[in-house]
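Listed next as structure tokens is one chain, alone, in the form predicted on its own.
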């Protein structure tokens, strides 16, 4: 079979399959190919209970606000390099940073910033003399723990977990510092509110989650959430389990997903439980829709990445210099 014939066959097969999907009442995807499976999900399922009504439904959001409100935006970055190994034990140099940009009079200005460069290694596998040599570099040295047996990949993964923890601590720290100075300000953080204490969550703190590893809904509720039209939200639900009991959440579709992946333009918003959630949700959603513009291109996550958060990342990368 020639490449030309094969190409025509592939195109025809794709056309027939997409037509079959449409005739069955489905939608077609973005048509992007892949060669390998995604890594296994660590926490694929959670539990939720409806708060706004007895079931999860789609609600049309009002028009985006004409002007985005004064608010602050927080995010963090991380990077690491396996600088070498002692035997098979990895020695990793890492960098984390976090910042808050404050928008006043339409301008985003740096308000708080923290950064740290450090070494991570499974210290139990190193001699005292080797650990002393690491300290002589002048960089802080942190232990990532050890697995049951040495493993060149797993040891690095344990180190990355330590790096992620330090990045989250930096994010919480800069938000706390900003809140002490501006206790009544709205703050949008990139990611979940789980890492923040209850006092912080009770302020005007919003978490915007653009990844959807954990699904809290099931059945018809899940289908409603993941097939939201543009500028629609779900009704509010409560995450169940531990500290998450105090967090209310809802999905919001920023951009039309038809012809794209089902998660295209979809974010999940979190806020501390309380009557203010339902009282202010329409205004919050209209505000977040306004944050779509300007687009966060050329970032590949532009459909779920609010522009001010994109600017925080750019600021952090600039501060990181050669690390980025």
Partner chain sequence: MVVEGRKDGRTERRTVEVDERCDTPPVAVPPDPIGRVVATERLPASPHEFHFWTEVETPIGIGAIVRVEGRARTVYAVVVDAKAYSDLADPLHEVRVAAGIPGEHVAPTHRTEIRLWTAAVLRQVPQEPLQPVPLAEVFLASEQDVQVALRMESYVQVAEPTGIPIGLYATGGVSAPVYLDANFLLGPESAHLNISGVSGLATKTSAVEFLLKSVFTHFPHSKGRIAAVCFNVKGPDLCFLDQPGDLTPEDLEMYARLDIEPTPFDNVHYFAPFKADGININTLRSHADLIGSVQPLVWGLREVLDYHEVLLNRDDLDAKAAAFIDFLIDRVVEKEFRDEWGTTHRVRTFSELERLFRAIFDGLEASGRGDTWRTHHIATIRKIRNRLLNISTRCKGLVTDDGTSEDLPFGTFEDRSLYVIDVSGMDQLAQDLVFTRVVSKLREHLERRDLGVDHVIVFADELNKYAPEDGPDTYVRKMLLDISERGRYLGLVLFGAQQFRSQVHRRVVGNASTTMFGRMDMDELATPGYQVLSRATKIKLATLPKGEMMLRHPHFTQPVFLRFPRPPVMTGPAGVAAYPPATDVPFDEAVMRQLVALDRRVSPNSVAEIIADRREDDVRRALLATRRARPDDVLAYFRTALGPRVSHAPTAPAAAGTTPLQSVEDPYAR
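Small disclaimer: the values here were computed from a predicted structure and weren't measured. Numbering follows the first chain given and starts at 1.
Note that the form predicted together with its partner chain isn't included here; everything after this is about it.
- Contact check at 4.5 Å (heavy atoms) against its partner chain in the predicted complex: all three of 107, 291 and 311 pass.
- 295 is the sole member of 295, 47, 28, 263 with a non-hydrogen atom lying within 4.5 angstroms of its partner chain in the predicted complex.
- At the 4.5 Å threshold, heavy atoms of residue 54 stay clear of its partner chain in the predicted complex, well away from it.
- The closest non-hydrogen atom of residue 103 lies within 4.5 Å of its partner chain in the predicted complex.
- Residues from 247-273 that approach its partner chain in the predicted complex with a non-hydrogen atom within 4.5 Å are limited to 255.
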